[in-house]
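Just the one chain here, the form predicted alone, laid out as structure tokens.
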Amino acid sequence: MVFTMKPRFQDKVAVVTGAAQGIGRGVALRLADEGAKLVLVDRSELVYELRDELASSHPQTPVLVLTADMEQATDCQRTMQAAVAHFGRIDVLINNVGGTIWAKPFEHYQVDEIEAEVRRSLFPTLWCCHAALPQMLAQGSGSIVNVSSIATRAINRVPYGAAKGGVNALTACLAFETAQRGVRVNAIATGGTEAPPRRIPRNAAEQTEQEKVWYQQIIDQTVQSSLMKRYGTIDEQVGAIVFLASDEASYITGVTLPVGGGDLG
């Protein structure tokens, strides 16, 4: 007798933010492999290239592509409304927008830079959870996975670390509120991750020699803090995200899972 496993996301609608590059792109491809209907969101039109790639590699996968600025609450509301209008529901939300813009000791940050880091790495997750939650609660089901970072205990990224600490707190608090209403909320804390160069960098300004030194300190500390003494791969991050999003993790909520080679953040 031959047993076949149903894809974990068959007929489920998954919203992936920051889908154009890096981990978000990897999550989108994995979810397509596993049968999901996809809503792919990014502020860059590079996300349309991913749509075209999926049309070739996964022609049976329904895909809705949206460009939006997830730092804006109105864009997050518009995104979730469009997802529901197109597919009728939201089963999975992967909040992947965020990332360090500057890397330097805290005393060297300007006030506007601190505010920009928090807007980039906390508010997209906060707004998207707020926008998607009413639909998930109305359904009585849903899984949210927030992409955080082990940089909550790290050097030269205090504003970013503070923003991701907020993501961790949001994850735990929201899980308390929704656990008995069918919605699970988890996060992964990504460690250092090898990825292709970003086609649209988070910071377009060329690094000064001093900034290169500060950034190298981040790399050195990240590797040293990892028990495995290496960076991870995109696939290693994607695997954890997709697991927490799936029904295989049905008894897991309110957890921030470190994926950093033993670095617990």
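Residue positions are given as counts along the sequence shown, with the first one as 1. Not measured: the values here are computed from a predicted model.
Omitted from view is the form predicted together with a small molecule, to which the following refers.
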{"property": "One stretch from 130-138, 80-88, 185-193, 110-118 that, in the predicted bound form, holds residues within 4.5 Å of the small molecule by heavy atom", "result": "185-193"}
{"property": "Contact at 8, 37 and 143 by the small molecule in the predicted bound form, all three, heavy atom at most 4.5 Å", "result": "no"}
{"property": "The small molecule contact at residue 147 in the predicted bound form, heavy atom, 4.5 Å", "result": "yes"}
{"property": "Partner proximity in the predicted bound form: residue 200 to the small molecule, non-hydrogen atom cutoff 4.5 Å", "result": "yes"}
{"property": "Partner contact for residue 44 in the predicted bound form: the small molecule, 4.5 angstroms, heavy atom", "result": "yes"}
{"property": "Partner proximity in the predicted bound form: residue 15 to the small molecule, non-hydrogen atom cutoff 4.5 Å", "result": "no"}
